[in-house]
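Listed next as structure tokens is one chain, alone, in the form predicted alone.
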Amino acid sequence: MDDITVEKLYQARKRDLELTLVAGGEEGLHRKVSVPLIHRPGLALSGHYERFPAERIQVLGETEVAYLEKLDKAKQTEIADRILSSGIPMLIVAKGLTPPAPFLESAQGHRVALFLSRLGTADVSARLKAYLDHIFAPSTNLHGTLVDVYGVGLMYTGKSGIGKSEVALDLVERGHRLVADDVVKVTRVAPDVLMGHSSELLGHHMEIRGVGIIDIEELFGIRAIRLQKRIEVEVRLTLWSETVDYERLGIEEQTTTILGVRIPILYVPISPGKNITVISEVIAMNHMLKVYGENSALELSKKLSQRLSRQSMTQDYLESDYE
């Protein structure tokens, strides 16, 4: 994600954060916010400016304002000029407090947007951090189709024309929900969580070769779509080939990496008469079983191993029994 301006943040979250611009003017709104981090400059107020994170949004709470009010005006001016001239993107004073006059004057002089918020410091920080994490989350666009099948986000990939959209259309007709077709915007919202949603331009439209562009929401209703869904399994559709050794047991799980997050990947061959829709439902249900700690392939392997072990032990006993 590229930098955002203070103005964009203000327009997007002024109601949620209850922000009021009191200094810095129009030029202050043009400053860039480049990192999704917030800082409360307690040490800087006491005169320790070494390693001061000037690239972060600064938030003053009740403790900081109470400390500043105990200082004389000259000291307040010195601190304000030192902080506001360092290149910070913006300054928020929480809890409906009014900062000392030197801060207002310095913010205006250095063209730094200074906001007041009626929310408590913790609320301001939490809400602002959530917004910044969303805005700056790593993202990419992938060619594929994302469908919510029994609550599991299945991401269909494969070369163009292999049938991703047709599979998704069949799933929608069976009551599942389309998230995105053709272009899936993927965002890493947590260290191990990928969220997918459609592009603003395409929405929930789908291209069916031989038919054209269709609108899934208009055709099937609001229950047939989702705005976003966690991507949990990638289903790679491939053309059937006798020379390829496809997975038959499923004991060793294959994975793929998207934006640094590893998720399971299944290679499903396409051949005439093969019901990919039903297979997709089985993939979703089997994934949920694994999430709850049940792995059918491993359980069967254990049972077979135990059965073979018992047979071997029985055979050894019988061979040594001469009574």
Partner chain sequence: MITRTAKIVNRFGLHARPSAMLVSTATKFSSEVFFTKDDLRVNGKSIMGVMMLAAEKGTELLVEVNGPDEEEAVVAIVRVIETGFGEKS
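Positions refer to the first chain, counted from 1. Owing to the predicted nature of the structure, the values given are computational and were not obtained by experimental measurement.
There is another form of the same protein, the form predicted in complex with the partner chain; it is not shown, and what comes next is about it.
Peer 1: Looking at 147 to 155, 183 to 191, 233 to 241, 104 to 112, which one sits within 4.5 Å of the partner chain in the predicted complex if you count heavy atoms only?
Peer 2: Correct option: 183 to 191.
Peer 1: Since exactly one of 173, 207, 72, 218 fits, which has a heavy atom within 4.5 Å of the partner chain in the predicted complex?
Peer 2: When the partner chain is considered in the predicted complex, the option within 4.5 Å is 207.
Peer 1: Could you tell me which one of 227, 211, 222, 201 places a heavy atom within 4.5 Å of the partner chain in the predicted complex?
Peer 2: Result of the distance check: 201.
Peer 1: Considering only heavy atoms, tell me if residue 98 and the partner chain come within 4.5 Å of each other in the predicted complex.
Peer 2: Residue-level check for residue 98: no, no contact with the partner chain.
Peer 1: Is any part of 128 to 161 within 4.5 angstroms of the partner chain in the predicted complex by a non-hydrogen atom, and which residues would that be?
Peer 2: Contacting residues: 141, 143, 160.
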